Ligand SMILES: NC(=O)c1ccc[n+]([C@@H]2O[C@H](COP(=O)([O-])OP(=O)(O)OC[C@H]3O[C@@H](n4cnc5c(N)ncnc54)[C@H](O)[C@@H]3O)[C@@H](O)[C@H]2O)c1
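The chain that follows stands alone, in the form predicted on its own, written as structure tokens.
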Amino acid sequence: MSKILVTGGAGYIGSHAVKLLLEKKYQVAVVDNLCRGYRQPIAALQKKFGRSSLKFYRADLRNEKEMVKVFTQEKPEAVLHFAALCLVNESVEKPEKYFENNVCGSLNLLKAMILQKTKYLVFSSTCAVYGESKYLPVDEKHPLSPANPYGESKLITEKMISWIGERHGIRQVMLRYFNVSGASSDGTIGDSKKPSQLLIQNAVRGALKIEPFKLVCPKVKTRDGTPVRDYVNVEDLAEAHLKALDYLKRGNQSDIFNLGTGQGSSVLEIIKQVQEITGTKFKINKGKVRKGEYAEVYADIKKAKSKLGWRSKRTIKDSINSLVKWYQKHPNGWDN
């Protein structure tokens, strides 16, 4: 079975992809500097699947020599590239940090792929490249106008991957996904960021009385005055990455796909669902309003359905229930 290198594989979404790859009998090498990821999910997966199936490198994409060393040793057939800083508000406050990490780190990754002649790349991108919606649902032809440095850094990286990939024969799939939610259905892997920037995670933590829930969204022109987003389950996202890899290995050309459910829910609607499903009414505190947010966005997913054969199978209720399992076992995330 071929070897897949996963950058950011110790993070929230990346660790779910690693788990799925191992279940599908792939050999996996993870690169993560652990600035936002955690060693524990990797250790748990190594215990379950064996260290020979999963190797871990604590390395930083911003260090070109480290990346070349990893690629020389592992010789991966393909890369799933999750490693990135992804907090919108932080990107507005520290844009230079985001361009250095997300853009320069990705360039070093591409250089290492070129040297080792790695053929395939699946890039974890974002709907933030679109910015404020000009029409809904948002398809892949929607104008690209990021509203924050995070989205801009991802768009620059997309363009860089496309140009370099065309020149050096690296075929790639860009996956622009919408708001991620949930944990593994068995509750063994989940989101450990504290505080999390993700609404459903924070609402579940509030319902379980792990920490007070704070409303940090701006007032916008939507049906109830709170932002509307498309919440896609993390296990569905992991499955999309494997389908994208299979798509490339079947000889298809580079492409871009939106990943979402095709439906939008407002912040207040999500809070109501969490309260109903958990049976807990929790206080909604006012927090510091986040910068760089916009009113409404949800995905047109026809292209992913027709070309990748992918669709989101899990509901918001599934995401909430999986997060309840995760946080009941790990109230403090992987640091407990």
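We number the residues from 1 along the sequence you see. Here the structure is a predicted model, which is why all the values come from computation and not from measurement.
What comes next is about the form predicted in complex with this ligand, which does not appear here.
Based on heavy atom distances of at most 4.5 Å to this ligand in the model of the complex, which listed stretch, 302-310, 265-273, 281-289, 33-41, is the contact stretch? The contacting stretch is 33-41.
Verify the contact flag for residue 64: yes if a non-hydrogen atom of it lies within 4.5 Å of a non-hydrogen atom of this ligand in the model of the complex, no if not. Judged by the heavy-atom cut-off of 4.5 Å, residue 64 is well away from this ligand in the model of the complex.
Should residue 193 be classed as touching this ligand in the model of the complex when contacts are defined as heavy atoms within 4.5 Å? Residue 193 belongs to the contact set for this ligand.
Using a 4.5 angstroms cut-off on non-hydrogen atoms, would residue 189 count as touching this ligand in the model of the complex? Residue 189: no, not in contact with this ligand in the model of the complex.
Exercise: residue 10 in contact with this ligand in the model of the complex, heavy atom 4.5 Å: Yes, contact at 4.5 Å.
Looking at 247, 71, 177, 213 here, can you tell me which has any non-hydrogen atom within 4.5 angstroms of this ligand in the model of the complex? Result of the distance check: 177.
Which residue, 203, 112, 129, 86, is the contact with this ligand in the model of the complex, using a 4.5 Å heavy atom cutoff? Looking at the other structure, the residue within range turns out to be 86.
Contacts with this ligand in the model of the complex - residues in 148-164 whose heavy atoms fall within 4.5 Å: 150, 154 sit within 4.5 Å of the partner.
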